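Take a look at this single chain, the form predicted on its own, given in structure tokens.
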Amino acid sequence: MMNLYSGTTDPFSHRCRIVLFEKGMDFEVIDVDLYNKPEDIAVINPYNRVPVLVDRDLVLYESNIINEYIDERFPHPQLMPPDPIMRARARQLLHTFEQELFSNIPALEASGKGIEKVRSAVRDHLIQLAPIFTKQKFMLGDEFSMLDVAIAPLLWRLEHYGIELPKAASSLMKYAERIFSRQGFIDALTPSEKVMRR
């Protein structure tokens, strides 16, 4: 059985939980207190961070790597596009999300000096995505994919991070609600995450 070491409020762990629940697999989530991590996290992940997936002799860390492994090992429903060109584009977009959006998570969580500049940068990037959803249901069209999984934890936490989107981004918020209503997303939420949104 797969074990996922997961932070109860960590957006990267949240991604992995979404994939596991979307796949409907047999797995165990081991909740990790991010402020008091057990020593074995540093033993299994040299960066001493979650998420960490342990599947027999295999130990993986970094949410996108974990999620691609799960998707390849358990291909139904498939979350990465089957076509190599579309898959490469999806990976490129995942990388863009990491660089332009998720690299700001530590600053948003610390909410110290310069926080407004960080919030503004994230808001601007999200507003740029909004037009996509006037024409399609999900990031890659009509099918829920790994790109939707990747961005969902951030969209869920906007209020928690103090980021307000303008009316111009209403198509993005309707898209977010479509994700939030999926059973896999609902099942993946921890009690601590449920209270992040009113």
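What you see is a predicted model; the values in this text were computed from it and never measured. So that there is no doubt, residue numbering starts at 1 and follows the sequence shown.
Quick note: we don't show the form predicted in complex with a small molecule, though the next part is all about it.
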#### Entry: the small molecule contact at N67 in the model of the complex, heavy atom, 4.5 Å
no
#### Entry: N48: touches the small molecule in the model of the complex, heavy atom cutoff 4.5 angstroms
yes
### Query
Going by a heavy atom distance of 4.5 Å, is K37 a contact of the small molecule in the model of the complex?
yes
### Message
Quick check on E62: any heavy atom within 4.5 Å of the small molecule in the model of the complex?
### Response
yes
### Query
In terms of non-hydrogen atoms within 4.5 angstroms, which of the given stretches 23-31, 135-143, 162-170, 48-56 touches the small molecule in the model of the complex?
48-56
